[in-house]
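Listed next as structure tokens is one chain, alone, in the form predicted alone.
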């Protein structure tokens, strides 16, 4: 193995900040440059991984002591049809660039993450979902075609007819089959820059599930925010947000509300405090006592305020993680991990109750808990199913790191017993035997065979690949 140029050696962190490493980072801006780096890796006996916005909570976009491609310079819009809503772009285009590019023509991305800093290549590689998962599915359901560079140097085109096996495996395949060079996605037509958002509260987890059941047919988006500290009859209590697109004619001034200046998130809180400083005020409360106080206060404020409906800009509703810049710094220098299982509808309520109770028993209640609804899809390594997901943020400290991992493995037992699945973009703790248990040995073997076909020399790797799938 040859030494690589020291000037490319950089520290790379998981988004959650709970793990880091060093990699030789290259930033190609064109396909020929990308091909040169891949060949350079081959000649020097190094593996190569791809990284978009670096928003995966764990190690999916890390490749320690080897080459890592930062794809953000491949960020051109290649083609846009404002009549059909079809857009073709390079993988480094961010959601921020995408929605701002299409909004004023009356379109919106059909699936968005909680932050606009994710790249489209990263979204495709992890097959991300949003608050409308039961209705629109993951982003892969809206990708029409993509071009992908194989490590053999060949660029192939994949869609639902040509190279369909690779199409369904590469979307959600966390970058292990090849490197996206262009992606074509269908946007969603909208008739206003605003969206109607309804706020309500639920006294417990049963109420959360009832709210979803009563509103899925009439809502465009639903998300529940739970207080993981509440116990007994209040277990799983929290806030609920449902949102509905405006129909044509509902907005008297759609051209005004779809202007970009009507969408940008404010830079200050109450017009005074710069949001870039808010995480500093949050940090003293990032412990069990402080977070319990905040969750209790938040729930009680919602309870006394009661139900309400507001008309909100799309960006303000969707990108809540961008409201407080660098909010993850509030967790401290050792960061956080997220654990997000997906459970079939009939099993979800009991499984989530058991999981919340177990976290409390271990004295590790998670600090941010989010409930979403989903549907099945046809992708090979899918997390999608007819059911619910519960995303749980755990603060990591030097003292609790090993125990959080042990807790995650105990939670795995509950998930597998409930026929659940996992979302690789959020994972930090999955073990090979757990992946085989939920995906099935046949699926894992099929993915490995496809990888051997697309990447015969095993050049493409990541920390996640080696942790879970490398045999």
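Numbering follows the first chain given and starts at 1. Predicted, not measured: the structure shown is a model, and the values here were computed from it.
Keep in mind that the form predicted in complex with a small molecule is missing from the display, and what follows is about it.
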Per contact check vs the small molecule in the predicted complex (non-hydrogen atom within 4.5 angstroms), the hit among 400-408, 414-422, 59-67, 432-440 is 59-67
- Item | Heavy atom of each of 137, 193 and 373 within 4.5 Å of the small molecule in the predicted complex | no
Q.
Under a 4.5 Å heavy atom criterion, is residue 299 part of the interface with the small molecule in the predicted complex?
A. no
query = Can you check whether residue 146 is within 4.5 Å of the small molecule in the predicted complex, heavy atom basis?
reply = no
In the predicted complex, residue 122 touching the small molecule (heavy atom, 4.5 Å): yes
Please tell me whether any heavy atom belonging to residue 115 falls inside 4.5 Å of a heavy atom of the small molecule, as the geometry stands in the predicted complex. yes
Of 109, 178, 365, 384, the only residue with a heavy atom within 4.5 Å of the small molecule in the predicted complex is 178
